[in-house]
Structures are given as structure tokens and as C-alpha cells.
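As C-alpha cells, one chain now follows by itself in the form predicted on its own.
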Amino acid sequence: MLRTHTCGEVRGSHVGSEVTLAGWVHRRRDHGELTFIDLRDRYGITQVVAHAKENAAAHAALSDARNEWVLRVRGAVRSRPEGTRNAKLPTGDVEVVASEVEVLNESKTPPFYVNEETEVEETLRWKYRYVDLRRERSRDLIRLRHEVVDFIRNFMVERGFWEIETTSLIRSDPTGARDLLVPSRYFPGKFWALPQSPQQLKQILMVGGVDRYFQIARCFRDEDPRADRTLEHTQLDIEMSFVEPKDVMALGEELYTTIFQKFARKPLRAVPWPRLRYEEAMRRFGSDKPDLRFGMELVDLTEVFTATTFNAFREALASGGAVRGMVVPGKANATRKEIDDWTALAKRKGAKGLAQFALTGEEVRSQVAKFLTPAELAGLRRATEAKDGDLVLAVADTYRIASEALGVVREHLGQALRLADTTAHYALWVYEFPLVDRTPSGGWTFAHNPFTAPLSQRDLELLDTEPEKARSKQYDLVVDGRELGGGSVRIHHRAVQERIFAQMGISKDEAAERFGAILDALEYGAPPHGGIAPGVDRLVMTLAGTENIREVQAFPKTQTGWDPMLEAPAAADAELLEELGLRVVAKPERR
């Protein structure tokens, strides 16, 4: 080894002994005949000192060194003089008197400060990630990720799970986002796909009798990145045999409760976790991933306006819809701009508008108040339990649109008005999701996953009459209004799986072609099984309190999927394209 100790382990117990350190120059302070440097590695910082009269060569080397040069220093450990000790550093009671300094490598001036936590433009950080990772905050995030993954592995193995790596080259079948494709040289014109999830493979492992499987799985989705989603991500993939939803939820709750207790910067409230059926979550919060850190629950105003003559409400109710409302505490004097912004959010979820009612004294101020009777306004106040100074927001539409529209407004207001309890994390389970969902064209698709089992035989039969009422054995793990993972008990009979495919317009022949492996496996004694796949990236960013998922990835890409460090994606060699039987159709780039 080029060193005897790290820069983070030298202590008072080493005083009088000789050590050899290696690391980067963090700071240099030149006081004429006396020069100090702070030498840094991943483990910490140790102060090194050289005096011109005591060791001219070492002093000259330290004087010449600049920030981020890589040095090897040999010297004796001594106590720092009184008044110069640094209580902020674990090594702050000692220093190393350099007797020999070797420059292992010089460094160009870094594109940004390493020894200061200044704001740096994101693309610049990712381009020079090898410099950024030296910064304390970036290093700590990557270390946290390592420690969390290491803990997960030990937790799962202790409970009888086998870690099994599934293949990363599979058949393309985008059942969610677009697949990332890999051309095959041996089969010209055909492609592998990088897995969006090991879903079918882990189910096949259960058919194979593995019983308890997990994997820290790399997954890929060709979809537009955002703050908490990227082209590639890592998930904790879990599957178990002979389980019901409550069994998988119990395991996930035990694991995540322990993780938050061990690694989170804030405590986890409410253990055991609340469990909300999907219907209740939508009724109370207008979201299937509700943020429980604040209240502002939705209320139903349908009964208040049953006999209304106000057209917007009357038309919605006449077509079987609902009027839903929400109280915004203390915002009776909301500005026009605020109202417009909230209305725009509601419209993005399909709402035609957002009615507002400001309560000031005995008066209810609203642009629509003139269309409502005194009894309706009194009923509004009574049903919402709004107080003087509050603002009531309401949407009239289908029950789902009205709920979801107010749900997004609620989520926005929780952040904008700082209503959330930021002193703790709030976790819950949402379960019994719908089995299928409407497509924009009026057909049906899976609500979460095409392999999710119906909640009961009755729910399967509802597909023939009222598909929207069919429930599933799906469950989601939610923390602070963010879905950290979803899972379900799977279908383990081929006929049921084919029935679900048929609901989505996939014939038996097409299903056999696209999903032949899993369908065939279900005919060979498939056990009841289920699992969950929480995202590792989202978990670590939640634990660390960052809002950007790229912060916790070692080599992140930009929001367009561009890698500024490797300058990828890049054009492929023409000979390789010819060998693969491919040609490129030029399109404009997005960076």
C-alpha cells in the first residue's frame, strides 16, 4: 500500500509515531517559512505541516502544491499546539509533520470548488462527476446509498431469500414505457430489450420453486426523465411464494421501518403504518399516493348541491358526477394569480374549472355566489366546516376527475403553503387498487401491471359487466406523498391471465407470442406468489432529503438522458451498423 493510514483515522493515540498518508490537497495555507495543507481522502482530512528550516524539501513541495493535487506524505504525528485544535474534525487534535512529500499527480484547476459547498450548474457537475464526487455532500450521498443497499442485502438473506441475477437481455414488450432496444448480430433485424423490470423472470423463479427471491435490479425505461425518474434506475426486486398481500406488506413494512429508523435524518411516524384502500385514499385525498404530513382532506358536496340551478354543478350531477371540495385554511384573501395557478393545475387533471368560496365573517364571497341560494352557501359552510378566513375550493365533474383535480391542488398547496410536517416521515400502504383502467381511446388497460391478480372471483367476473369496479391485489408503499414501490399478488392460472389480456384487447394467439414463457410456466404447477419492487434511488433520495434523484446516482444523466461526461449517446461505427443490418434515419437531437 502507498499509505499506512487514511486521512480520517489519525488520532491522539498516534502521537509520536510515523505515518504515511495519501490523498488530495483540500486547502493550502502558506505562512512564509511554515506551510500547512489539509490532506483529504474519502475517510476524512488530516492537517500536514512543514517548516522551511526543519525540512526544506518537504516545505518546498507543500508550497508548490495546489488544490486537488494528489500527494503522498510521510511524517510524524504530533499534537496540535494549544489554541489551534479543530473540534470540527475527528483528526483535529493532531497534525503530521512532513518529512517526505511525493507528488503522485498534479491537477488542473477544477471547474468548481471541491472544498466549498457552492451551487454548481447540474450539467457541469455531471460532466465532471469525478471531481464532484470528491465534494463532501456528493460523497456522503453515495456512501448512504451503499450502506442502505448493504443493509437490505443482509436483511433479505437473514430471512431466507436468495439473491439471483436475472438476465438483462429479454424480449421486447413495452407493457409500460418504451423499451430500450439492443440489436442482435446473430439474428439480423431482431432486437433484445433491456428490462423495465424482471417481472416475468421473477414469477418464473417462483414456478421453479425458488420460493423467496430478491435482487438489486438495474432497470431501464425509455421515457422522459424528471426529478424522481430517469432512463435507468435500480429497484429492490422481491418475490415470494404462497403469500397473500398482507404477507408481502408486512415484510416491506418491517424492512422499511428499520431502514428509516437506521438511516433517515428524521423519525418515522405512525408504526404500524396506516393502510388505506384505494377508494378511501381517493375519497379523502384525491390521490393514490397521499401525503399524510398535512390534513386538508377532501369533502363531498354533492348533497349540498343536489337541487342546484347553477349550470356547472347541475350538469355534472345530472350525468352522474359529483361536487367535491377542499378547505384551504387562512387563504380567503388568495390573490388572482394564486387562484389562476391552482385552476390551471386542476384543469391539467381534466377539470373544467375550479370554484372558489372565500369565508369572511358571515359572507361567502365567490364569483358564482349569485347563482347559489343562501341555503346552498350555508350548506357549503356546514359540510366543509370552514372557518372565517378560510377558502373553499370545489370541482364538479365525474367523481374521479373531481377527486384527482383537487388532489393535485392539495399536493401543490401542501408544499406552497408549507403545511407539511417536515420534522418526520409519514409512511402508509395503499391497497386494493382497480384491476383495469380506461384508455384514452375508450378501451381497457391494466391499472398497474398486467400480471396482477383480481381481488376475488367476483372481481374477475365484474370484467364482463362493470370492469371499472373490479379490484386487484395491488399495493403501493408510499412515504411523504411519494410512491417508493408497488407490488401485488400475481395471477397464477393461465386461464385467468389470458382473461386479463383479453380485457386489454390481446388475443390468445397474440398473448402466446408476446408472453409465451410466463403463460406456459403457469401450466406447470405455478404456486400462488407475489412481491414488490421499491425503487432504491427514490428510497435514498427520501432518506437524504434531496428532491433530485440524480444526486444519489453515481453517474447521472441530464433530464434528456444525455451523459455529459461520456458524451453519450453517440453515433455508432458505420461498419458495426452494417454488420447489424441497421441504418440511421437522422432526426434532430434534444439535449
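Each residue number is its position in the shown sequence, starting from 1. Everything numeric in this text was worked out from a predicted model, so none of it was measured.
As for the form predicted together with the RNA, it is not shown, yet the points below apply to it.
Trainee: So, 187, 288 and 433: all three within 4.5 Å of the RNA in the model of the complex by heavy atoms, or not?
Mentor: No.
Trainee: Among 34, 56, 554, 566, which has at least one heavy atom within 4.5 Å of the RNA in the model of the complex?
Mentor: Contact check passes for 34.
Trainee: Heavy atom within 4.5 Å of the RNA in the model of the complex: which of 429, 310, 446, 155?
Mentor: By the 4.5 Å criterion, the partner-contacting residue is 446.
Trainee: Counting only non-hydrogen atoms and a 4.5 angstroms cut-off, does residue 546 reach the RNA in the model of the complex?
Mentor: Outside the cut-off, so no.
Trainee: Applying a 4.5 Å heavy atom distance criterion, does residue 42 contact the RNA in the model of the complex?
Mentor: Residue 42: no contact with the RNA in the model of the complex.
Trainee: Is there any non-hydrogen atom of residue 140 lying within 4.5 Å of the RNA in the model of the complex?
Mentor: The answer is no: residue 140 has no heavy atom within 4.5 Å of the RNA.
Trainee: Check residue 124 for me: does it contact the RNA in the model of the complex (non-hydrogen atoms, 4.5 angstroms)?
Mentor: Heavy-atom contact with the RNA at 4.5 Å: present for residue 124.
Trainee: Spot the stretch among 204 to 212, 179 to 187, 247 to 255, 72 to 80 with residues whose non-hydrogen atoms come within 4.5 Å of the RNA in the model of the complex.
Mentor: Selected stretch: 72 to 80.
Trainee: Using a 4.5 Å cut-off on any heavy atom, which residues of 1 to 15 would contact the RNA in the model of the complex?
Mentor: Read in sequence order, no residue approaches the RNA (within 4.5 Å, in the model of the complex).
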